[in-house]
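One chain comes next, on its own, written as structure tokens: the form predicted on its own.
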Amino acid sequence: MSDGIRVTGLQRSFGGIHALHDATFEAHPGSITALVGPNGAGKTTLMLTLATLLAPDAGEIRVAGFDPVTEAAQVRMRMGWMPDILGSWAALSVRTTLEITARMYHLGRRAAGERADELIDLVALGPHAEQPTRVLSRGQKQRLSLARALVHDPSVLLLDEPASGLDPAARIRLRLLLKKLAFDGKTILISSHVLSELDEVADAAVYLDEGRTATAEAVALAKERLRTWRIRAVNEDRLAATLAASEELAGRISTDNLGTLVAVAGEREAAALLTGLVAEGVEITSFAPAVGDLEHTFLDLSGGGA
């Protein structure tokens, strides 16, 4: 059986509100897939159906090869679920919380203790291991929530805003951990509103809007549309003059406090622009997209690309 996620024609309504109209996508083992969409797009509903907490009205889901509706227990043994906010047992320590969670997944007492120690080290909660969870900060609770999702070594991870509340160092550790988990073969689906962070970790994306996933054709077309690149040079005046001399770039050049901006169509045109600037003797110090791939594609799909 596949260890990934497969969703086909998923629909879910709440009375007269249609949260999911037609969600179709796949997430594969060894891959980190970003779930991207505006508020109200249906992301939380989709996550809850994958996590066996909501039954769909129509469509088909497979998580690790099992149906979350008819084989919920099988899915839960193979799936780690980290919601945006997960309550904790306020009076219990971090270590005890993880031990009890491990026992719920049928680990023996000794194995549960060993697993708790591993996870405390993995999410850097060692100094707080014996403290009650009520004293943890928002970021520390997020790390505990991630540890709980990993306690039974699942093959599929569903993560909803996992970096929320984390400080910069913890965000870096999370990014490295997720990449390692994917390298080890896990299927990871992440929902977040911070697209720049997703760009740093995701190797695939699902775009959801008004309960529908964007088609592969629509995504490919969005990636090829005009995209802004930021350019810096040793001599900014020389850069500006060289760009202004190009008739092809008329109307596509602007500036902000971080440098010169030029809208180009695709990476091939960007490469040609860079080659031309260097050939004209412009000493380029920075040449990169002004926004990440996910943000560019999301804005184009949602009609905000301009």
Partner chain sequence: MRRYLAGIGTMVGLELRQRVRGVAWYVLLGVFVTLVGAVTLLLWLASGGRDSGGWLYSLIVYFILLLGTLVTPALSGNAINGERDAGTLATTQVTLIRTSQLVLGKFLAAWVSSLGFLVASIPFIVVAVLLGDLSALTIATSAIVLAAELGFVAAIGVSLSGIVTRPLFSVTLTYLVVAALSVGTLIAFGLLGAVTRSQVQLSTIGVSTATYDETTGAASSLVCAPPVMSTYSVQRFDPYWSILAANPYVIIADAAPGSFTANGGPNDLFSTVSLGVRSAQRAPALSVVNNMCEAAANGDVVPSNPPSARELYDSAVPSWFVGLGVQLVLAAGALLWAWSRTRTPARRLAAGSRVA
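Predicted, not measured: the structure shown is a model, and the values here were computed from it. Positions refer to the first chain, counted from 1.
There is also a form predicted in complex with the partner chain; it is not shown, and the following applies to it.
- Ala51 belongs to the set of residues with a heavy atom inside 4.5 Å of the partner chain in the model of the complex.
- Residue contact check for Pro68: one or more of its heavy atoms lie within 4.5 Å of the partner chain in the model of the complex.
- Within 4.5 Å of any heavy atom of the partner chain in the model of the complex lies no heavy atom of Phe183.
- Shown alone here, Pro83 lies within 4.5 Å of the partner chain in the model of the complex, counting heavy atoms only.
- Only one segment in the set 188-196, 231-239, 86-94, 162-170 has residues whose heavy atoms sit within 4.5 Å of the partner chain in the model of the complex; it is 86-94.
- Residue in contact with the partner chain in the model of the complex (any heavy atom within 4.5 Å), chosen from Ala216, Ala73, Leu176, Val135: Ala73.
- Checked against the partner chain in the model of the complex, the candidates Met77, Ala222, Ala124, Ala111 yield a single residue with a heavy atom inside 4.5 Å, and that residue is Met77.
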